[in-house]
Each structure stands twice: as C-alpha cells, then as structure tokens.
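Shown below, as structure tokens, is a lone chain in the form predicted alone; questions about how it binds or moves come after it.
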C-alpha cells in the first residue's frame, strides 16, 4: 500500500528525550484523508491513489469539485449509462480543499476509504513537501547570502549591490544561472529524511524532528522516504 498523507503544518516546538536533550520538532496535522480515486495501469497507464484532505462547504465548491466526490445526475452521465458504460466509483464524501496523488501500488485501498495518521506508525523517516514562505523580490544579499560591497571610501551607495556580472570580451555574455536579485521563496521545497518522533492517532498529529517548509497552517504532502 502507498504510504502517504496530506496535512497542514501546525507549528514548531521542542520535546525532551530520555537523556534530557531538547529535540526541535514540527507538529503536523496529518489527515484524515479520503481516497477519492484509484488510478490503474489498464485504464490510466500508471498506478496511483488520489487523496483529499479537509472538507470544503458545498456552497463554496464548484460543480466539478462536487462531481469528483459524489454522483451528479447530468445529461452526459445519462448518455453514458444508456450506452452501457459503468460510472466511476465515487468517494461519497464532502468536497476536499487539498487533493494530491501518490504514485505506487494501490493494493488494499478502496474508493471512499478513510486514511488516518496511523499509516506512519511503523515508519522511521518521511519526506515532507510544502511551499516555502514567500519573501517577495529580494536582493542578492538576502536571497543568496552575498557579502556585499566594501564600506570604505570609493564605494558610493552600492554597498548591497551585486557588482559586476559580465566576463571579458570573450565570451561577451552573461552565463545562464547567474545568481541575481529576484523573487525569493514561494516555491516547492522538499525536506527529506525527517525522523518520525511521535504519532498521536487520537488527534491526528505527526511529530517530526527538524523543520518543515512553509508557514503555520500551510498544506504539506507527507510520504515515506526512499532515502537510506
């Protein structure tokens, strides 16, 4: 079965081990997640499970989002039924706010099944994917850690500038990938091989050692790590 969950970052804290050493930890509310669809090799060309997290009020959901989780009577559906095509099984739950797929074998999973954080009860380490905090347009010192120009005489109001970016007459152009000022953050980041410190099944909480990308309340994808 695919080991993966969707959740939200609650925040950071610290816990103490048996020796009294403080361990920085991140608390994640993982699940419960509904199995919305199962991708098969015969029908889709690959195997995957589609999970949904956090119910959305039906008044805020589009018709497409409602039709993803429940059967809606429509002219198209009636034509397909009259042609003898079996309708796709639905999860019969509320529309979900956060929907993602996990590729891999789907043995033991059924549409409509609810997964809880106990899928990580026997997992030692996980990978967490999130969207990092957006810091807007930043200069080279903040974005890349440049030292900046000197603060001595002769350097006039360019102390935080990047400096020269070009080469000589040959090759007479700026190479691709040159570190410059620009948008910083708000990108997909994967924190790999985070140790699972604790699992609270009653409150759907997952405690991981270290930091997780994104702000408090941000959506994250948690899956079993493949790093040895």
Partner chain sequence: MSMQLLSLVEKASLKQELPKFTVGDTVDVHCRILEGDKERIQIFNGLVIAKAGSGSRETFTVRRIVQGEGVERKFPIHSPRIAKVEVKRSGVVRRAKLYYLRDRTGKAVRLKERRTEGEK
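Given the structure is predicted, the values throughout are model-derived calculations rather than measurements. Positions refer to the first chain, counted from 1.
One more form of this protein, predicted together with its partner chain, exists but is not displayed; see below.
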item: 164, 169, 203, 41 - the one with a heavy atom within 4.5 Å of its partner chain in the model of the complex; value: 203
item: Options 42-50, 61-69, 177-185, 24-32; stretch whose heavy atom lies within 4.5 Å of its partner chain in the model of the complex; value: 24-32
item: 4.5 Å heavy atom contact, residue 215 and its partner chain in the model of the complex; value: no
item: Contact label in the model of the complex: residue 15 to its partner chain, heavy atom within 4.5 Å; value: yes
